[in-house]
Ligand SMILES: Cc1cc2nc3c(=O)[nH]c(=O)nc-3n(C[C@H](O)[C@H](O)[C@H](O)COP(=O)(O)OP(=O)(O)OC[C@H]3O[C@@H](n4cnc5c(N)ncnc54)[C@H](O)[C@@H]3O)c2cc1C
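Coming up is one lone chain in structure tokens, specifically the form predicted on its own.
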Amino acid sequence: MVRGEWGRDPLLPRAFSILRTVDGGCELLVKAIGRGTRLFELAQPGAPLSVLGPLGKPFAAPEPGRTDLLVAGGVGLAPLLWHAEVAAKTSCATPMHLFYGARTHEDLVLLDDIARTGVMQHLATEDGSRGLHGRVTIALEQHLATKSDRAGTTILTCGPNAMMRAVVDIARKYEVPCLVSVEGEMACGIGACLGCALPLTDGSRPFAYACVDGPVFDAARVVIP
């Protein structure tokens, strides 16, 4: 949860996934969409920020023998790139695939960083300016359709809710486990405001909360809004 010293407007901090940790701090990937993120974009080097974190539960660490298919949309790339960078520094030899989609080639960022991890890249743009012409979920389904043995395969996804719902449907179709990192709006980050509630489907309780129970969930347990 991050907030700048910008007075009362906007009042609430913004929630971000960590892109990577560096020298005792961390990097964030920010796209200016509303007033809060625009203020981050305009912040000068050295500007003071209020930070609360790390919070919640991340993706499970890479494991030998498990093939991770990473599906990212927009700034949802952040936790998946971190996951790939962690894997590159460990003895996990199982190759990973990163399916990364955006509207145009200009929205595909950090491609050099992705390449350094050694993952197999599958790019897609909705306007066809780079990679597959269409949504990234098309590339994911094409890949899964060619695999006769999907044992040990797990999908990890983060991005717009509509994209993640489509990814979950594909995972269900091909009977592949799927983990989702939800991008719920939240005010506190510690489970007090209850603003980031997600309905549960496993009957354990009515709701889970992105800030303390997530943001990573087994897709079979939650309803993505």
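Numbering starts at 1 and runs along the sequence shown. Everything numeric in this text was worked out from a predicted model, so none of it was measured.
There is another form of this protein, the form predicted in complex with the ligand, and it is not shown here; the text below is about that form.
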> When you measure heavy atoms, are D68, V71 and L156 every one within 4.5 angstroms of the ligand in the predicted bound form?
Replying inline: no
> If we take heavy atoms and a 4.5 Å cut-off, which stretch out of 60-68, 168-176, 44-52, 183-191 is in contact with the ligand in the predicted bound form?
Replying inline: 183-191
> Quick one: is F217 in contact with the ligand in the predicted bound form, heavy atoms, 4.5 Å cut-off?
Replying inline: no
> Taking 4.5 angstroms as the cut-off for heavy atoms, does A87 touch the ligand in the predicted bound form?
Replying inline: no
> Within a 4.5 Å heavy atom cut-off, is R20 in contact with the ligand in the predicted bound form?
Replying inline: no
> How about V75: is it within 4.5 Å of the ligand in the predicted bound form, going by heavy atoms?
Replying inline: yes
>> If you apply a 4.5 angstroms heavy atom cut-off, which residues in 11-29 are near the ligand in the predicted bound form?
In response: R14, A15, F16, S17, L29
